[in-house]
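One chain comes next, on its own, written out as structure tokens in the form predicted on its own.
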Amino acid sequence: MSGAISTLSEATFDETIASASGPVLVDFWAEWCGPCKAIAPILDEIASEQGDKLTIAKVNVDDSPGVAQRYEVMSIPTLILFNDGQPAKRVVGAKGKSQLLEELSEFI
């Protein structure tokens, strides 16, 4: 995981999302999830390339179940894009880089 991606917890989630100056893409994932591991390098690339327009963060659903429950994350990976502190877009499942960028295009 690159330094461009931050890890959020129950304690840091709300403050980080509320204080973000732009859109934040949150990856809800778990250590045991194969598709989550598959998209991790894609998210690293996007974080490096789009870091000035988009913040990427991760929430481990095993470590922070309350956050996952609050946003009704039923399957992982689930990516939720927060804009102005509110969930604006949800992408469920592993996607390729071009497909993911297309899904996020209105925000970046």
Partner chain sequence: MTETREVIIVGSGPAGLTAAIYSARANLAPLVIEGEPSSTSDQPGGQLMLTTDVENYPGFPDGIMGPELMVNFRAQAERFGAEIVTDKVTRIDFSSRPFGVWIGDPDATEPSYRATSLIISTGAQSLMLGIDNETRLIGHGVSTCATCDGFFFRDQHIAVIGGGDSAIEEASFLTRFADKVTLIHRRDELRASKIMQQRAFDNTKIEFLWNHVVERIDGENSLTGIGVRNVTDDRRSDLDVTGLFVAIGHRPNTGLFIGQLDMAESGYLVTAPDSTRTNVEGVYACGDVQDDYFRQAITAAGSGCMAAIEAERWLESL
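Here the structure is a predicted model, which is why all the values come from computation and not from measurement. Positions refer to the first chain, counted from 1.
This next part talks about the form predicted together with the partner chain, which is not shown.
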Answer option from Ala47, Ala57, Val73, Leu79, heavy atom within 4.5 Å of the partner chain in the model of the complex: Val73
Close approach of Leu43 to the partner chain in the model of the complex, 4.5 Å, heavy atom: no
May I ask you to check whether Gly93 falls inside a 4.5 Å heavy atom distance of the partner chain in the model of the complex? yes
Please run the contact check for Asp52 against the partner chain in the model of the complex: heavy atoms, 4.5 angstroms, yes or no? no
Does the partner chain come within 4.5 Å of any heavy atom of Lys97 in the model of the complex? yes
